[in-house]
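Just the one chain here, the form predicted on its own, laid out as structure tokens.
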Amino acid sequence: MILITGGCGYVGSHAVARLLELNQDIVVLDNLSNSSKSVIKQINKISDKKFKFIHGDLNDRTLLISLFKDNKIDTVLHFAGVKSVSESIKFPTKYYLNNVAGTINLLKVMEQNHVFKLIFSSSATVYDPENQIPWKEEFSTDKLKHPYADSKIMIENILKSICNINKKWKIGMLRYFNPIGAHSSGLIGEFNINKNTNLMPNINKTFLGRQNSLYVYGNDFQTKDGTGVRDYIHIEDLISGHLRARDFIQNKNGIFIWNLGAGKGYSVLEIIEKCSTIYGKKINYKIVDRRPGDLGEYWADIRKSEKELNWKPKRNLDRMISDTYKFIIKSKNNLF
């Protein structure tokens, strides 16, 4: 059985749907702080296979002990955590408590129950901004950045440490870039848009009339149109990478790191213009000052993932946007 932490969130819910489609037995743990139980109803429309949902927090040690006692967990896909860069700067302790302390609790209970297979969702934000583009897995992650990125680096270092001490661990760490898109059914996607600071949720808020326009932070970067360039990957391609990583670690001890991205960048204006075309409505935006620390451009080097996992993204930008549009139209009354 597979435990999926944060299984009602954007990435986690797509992992749940895919694993159910593959007839896998799963249990989902989520505290619903950034998600909703309504996501489960949507997943149930995609698959008839039932799964167990537990409303709870990784910092509830008693709950974790009970969860592992009652279920024969073999592998953990660990998506749970808070993930807003701006919020992490305002409330750093929230990020260390939820992300770092929660993961430590999970690892303790896993070890006590002899469960040593883990896929951890890390982030491209761990890379030092001075690194040459594209960013490779061996590049530096040493510099302090913001509490969100620092919490991911702390967890990565903890995972490296426990692997050095206990050779039974089999861990895949996935540093992914900017997932967008939605399930091909249009039934699940990024439901949490109102307080979300990422580009696509703000495009969708603007499209739906929840805000008059979105802010574009800076148009004077040294890029093709002056706006920031980022690596965007379809959520379904991202999940395929997780499953390839899970298969990879089955018979290999130790820790392994892979980038999951498109391996190329798109500018903010490119994304906005593509959305305007596919959505059939002009997306209004305002150019405002850069935010402190914003980089002009970065994207992933995915050659290691291609070689070791036999993985590469299949869906292009048109597909990312068109699947998002299908989801927004079908689910606009369920967005929060």
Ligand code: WQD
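Each residue number is its position in the shown sequence, starting from 1. In this text, all values refer to a predicted model and were calculated from it rather than measured experimentally.
We do not show the form predicted together with this ligand, though everything after this point is about it.
Enquirer: Given that this ligand is left out here, which of Val85, Leu243, Ile255, Ile133 has a heavy atom within 4.5 Å of it in the predicted bound form?
Expert: Here the answer is residue option Val85.
Enquirer: Looking at His234, Lys170, Arg230, His183 here, can you tell me which has any non-hydrogen atom within 4.5 angstroms of this ligand in the predicted bound form?
Expert: Contact with this ligand in the predicted bound form is made by Arg230 alone.
Enquirer: So which stretch, 294 to 302, 61 to 69, 274 to 282, 40 to 48, is the one near this ligand in the predicted bound form (non-hydrogen atoms, 4.5 Å)?
Expert: It is the stretch 294 to 302.
Enquirer: Check Thr197 for me: does it contact this ligand in the predicted bound form (non-hydrogen atoms, 4.5 angstroms)?
Expert: Contact check for Thr197: yes, within 4.5 Å of this ligand in the predicted bound form.
Enquirer: How about Asn204: is it within 4.5 Å of this ligand in the predicted bound form, going by heavy atoms?
Expert: Heavy-atom contact with this ligand at 4.5 Å: absent for Asn204.
Enquirer: Would Val216 sit within 4.5 Å of this ligand in the predicted bound form, counting heavy atoms only?
Expert: Heavy-atom contact with this ligand at 4.5 Å: present for Val216.
Enquirer: Is there a heavy atom of Tyr148 lying 4.5 Å or less from a heavy atom of this ligand in the predicted bound form?
Expert: Tyr148 belongs to the contact set for this ligand.
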